[in-house]
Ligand code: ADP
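First comes one chain, alone, set out as structure tokens in the form predicted on its own.
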């Protein structure tokens, strides 16, 4: 179960299939699986020539391009470990990760080189990936020049152990320094197969898959491997993808399947609503993960005739849960929509449970809220070089997710909130996720984040941050948002304040950065109370 088998099979059975990659100059590079295979082998040979050996760590700081995809196969297939750096992290975080991972060489996209150079890691060999392949920096190699040095006819070893490490990833560090996660060939292989199932991506060689999930996020949710296992056409959106480019690629390449975080699809749908001049009729299925699916995303895509599939996972175990309607789901429309908004049921090879604070498993009644734990074929059982946090996060082989969730009688998981994001108010719990989804169901709202802020009477109270769609800015106020919520939640759950902002800060993985919001507004209600008491 090594990735060499995936690569060879794809070239042998689907050699004429196309890979289309958007370039920084606006052109699209096109080549076949066969040509991809030959370039990957030459790259493997060139890496050998640079002294990269088995278990050495090779880093990338790059967008979703054909060169990055080539590294996805070349590095693991030669026995080394591919370490995908999240280019949206801060310089401090990237520096910490590079030191912790001990990368031997880093492949950097042209537009990321300046940021990389600021790290001052002159001990690290760097290879530039871009359209300008001139050797114009001292000591810095270019990707295409390196490829020219690769040996023609090079073959990857048949002896590679399927349990050998293939990918090194790091979490976004929302609860401390980023944690290292190792995925083996075997785990990636099995996950890639699972994603091809009819109840997940349902991929075949007739599909066109837009790899929109960043390749530096959780192995791109394994889509680079499931797509090639199925023999599907692959489309890469290139550097700095925008809603406009995604729409153009879906129309021009006749994309059938894609995936991404809710923030991506919120901006994409908003762009479509503004322009209304794209033909996306080829699009059959959109997988939404990374954060909760909102009713607005579900409604708008379904109106366009696109199936929406809700999924859940973590860097430690991506694409572990998927939402598909089992045959025993009631045909009632309201019930169906309620189920669709849940995270779903475990993918084959994954087990889940919810437990109370003492570790006792809670009943599957859809009401009992506890911490979600999971384990399985591609869920890690320890953190890379971090025994302390391994001991904190793993319990009897199960990974503690930090998510508060329920599981109903039919096995559907619903994540109520991150435990750290639940709002404790007057002895009651308020779900920030529920409030956000309800606020974003207002037609004027583009994005919304809710955090709990200290309150001298109620311990915490909800504070909401709202980004309005362009046409509604300065036309919608707090009263309209509260009125929208009033019919849908109890009075004590209503946010005490609505703050309208131009944008909401996000983490390196595209989620709302609630830690930053809580820190910035930690004295908001207390200061307001103090001012109101002044004579």
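Residue numbers count along the first chain shown, from 1. Nothing here was measured: the structure is a model prediction, and the numbers come from that model.
The protein also exists as the form predicted together with the ligand; that form is not presented, and the subsequent description refers to it.
Contact with the ligand in the predicted complex, judged as any non-hydrogen atom within 4.5 angstroms, is confined among 265-273, 69-77, 413-421, 391-399 to 413-421. The three marked residues, 30, 207 and 258, fail to reach the ligand in the predicted complex, with no heavy atom of any inside 4.5 Å. This chain appears without its partner; in the predicted complex, the one residue of 172, 184, 431, 425 with a heavy atom within 4.5 Å of the ligand is 172. Contact with the ligand in the predicted complex, judged by any heavy atom within 4.5 Å, is made by just one of 194, 246, 311, 232: 311. In the predicted complex, residue 238 stays away from the ligand, with no heavy atom inside 4.5 Å. The closest heavy atom approach of residue 362 to the ligand in the predicted complex falls outside 4.5 Å.
With a 4.5 Å cutoff on heavy atoms, residue 343 counts as touching the ligand in the predicted complex. Remark: residue 291 counts among the residues lining the ligand in the predicted complex, judged by a heavy atom distance of 4.5 Å or less. In the predicted complex, just one residue of 213-227 lies within 4.5 Å of the ligand by at least one heavy atom: 217.
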